[in-house]
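Coming up is one lone chain in structure tokens, specifically the form predicted on its own.
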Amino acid sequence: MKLALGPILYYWPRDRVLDFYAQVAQWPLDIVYLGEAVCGRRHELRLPDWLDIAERLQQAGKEVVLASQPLIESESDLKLLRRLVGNGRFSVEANDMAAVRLLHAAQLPFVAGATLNVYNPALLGWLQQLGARRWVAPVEMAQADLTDLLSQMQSPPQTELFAYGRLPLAYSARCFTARRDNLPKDDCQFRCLEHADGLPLATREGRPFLTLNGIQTQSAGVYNLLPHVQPLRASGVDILRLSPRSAHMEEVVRAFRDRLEAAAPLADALARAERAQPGASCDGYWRGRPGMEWSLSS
């Protein structure tokens, strides 16, 4: 089973991103996804910058995939998507059907992202015919549903599963981070830069509820499938995806690697992964339960 690092979902300053990927090159990862996968207004790095990072990571022995945006809203977004598809070197994760269309037209194999919302073998088989060599299961898909879907296919593409990080739940044309400060989306003043792990949202009773990340809504809890790593192999999962956070990400990566290789007890690996974690762990969706539940709760 391989270990992948998903794209950074938050808006970090340029130097912080460059420093982060300089460290990523040394981590025990097989695959790294790069690019802006949330909002087209985030421009700390441009496509040439992402391609430079991709070259360095490839030289460090990583497979690199460029992630496309899940919500194409303008002609500039579409132009960037065309340049992404035509980069000529690295494969692309299609997070929107516009990307699927362009990649298929160019006869390029691609990764079908979780935002394509694949819930049945017919759709997955169709995407496979269009060129999908790998797919990422929807974040709320339960183990039983994933196992059932894969069992109905003779030769499914590689299966990747979101295994760690705040869950990306929804996308909107509105920017909730800007709205919180009474700013219009087109003049957001890039307030996302002030929230390295998103903006927590609580209920009136003060309980963690959601996390705002620009146009993206995330879970408050941190999805954590570390306790399920060993049984995951039997579910047909080929790759586990870890979503970057602003601190102690190397410890998360190494904790998952140790569990994949059965090199550390679960309690030790969990303690390392949860260090300074921005939210409580949860794994409810994987067990067919409410998403915010945690199997190891006392």
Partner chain sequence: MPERTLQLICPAGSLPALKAAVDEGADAVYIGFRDATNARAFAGLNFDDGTAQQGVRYAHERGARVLLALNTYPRAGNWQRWTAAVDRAARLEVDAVILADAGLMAYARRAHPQLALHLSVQGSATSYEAINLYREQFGIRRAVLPRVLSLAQVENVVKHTEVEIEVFGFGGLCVMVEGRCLLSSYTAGDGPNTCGVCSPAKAVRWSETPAGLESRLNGVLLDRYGAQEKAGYPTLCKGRFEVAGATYYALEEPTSLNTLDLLPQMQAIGIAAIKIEGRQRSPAYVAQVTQVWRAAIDACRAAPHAYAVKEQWQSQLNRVAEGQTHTLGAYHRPWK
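Numbering follows the first chain given and starts at 1. Predicted model only: the values in this text are computed from it and were never measured.
One more form of this protein, predicted in complex with its partner chain, exists but is not displayed; see below.
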Can you tell me whether residue 91 touches its partner chain? I mean in the predicted complex, with a 4.5 angstroms heavy atom cut-off. no
Does its partner chain get within 4.5 angstroms of any non-hydrogen atom of residue 197 in the predicted complex? no
Is the gap between residue 149 and its partner chain in the predicted complex 4.5 Å or less for some heavy atom pair? yes
Is there a non-hydrogen atom of residue 95 within 4.5 angstroms of a non-hydrogen atom of its partner chain in the predicted complex? yes
Per-stretch contact check against its partner chain in the predicted complex, the hit in 83-91, 154-162, 114-122, 224-232 (non-hydrogen atom, 4.5 angstroms): 114-122
Report yes if all three of 74, 78 and 217 come within 4.5 Å of its partner chain in the predicted complex by some heavy atom, otherwise no. yes
Could you pull out the residues of 130-155 that have any heavy atom within 4.5 Å of its partner chain in the predicted complex? 130, 139, 140, 145, 148, 149, 152
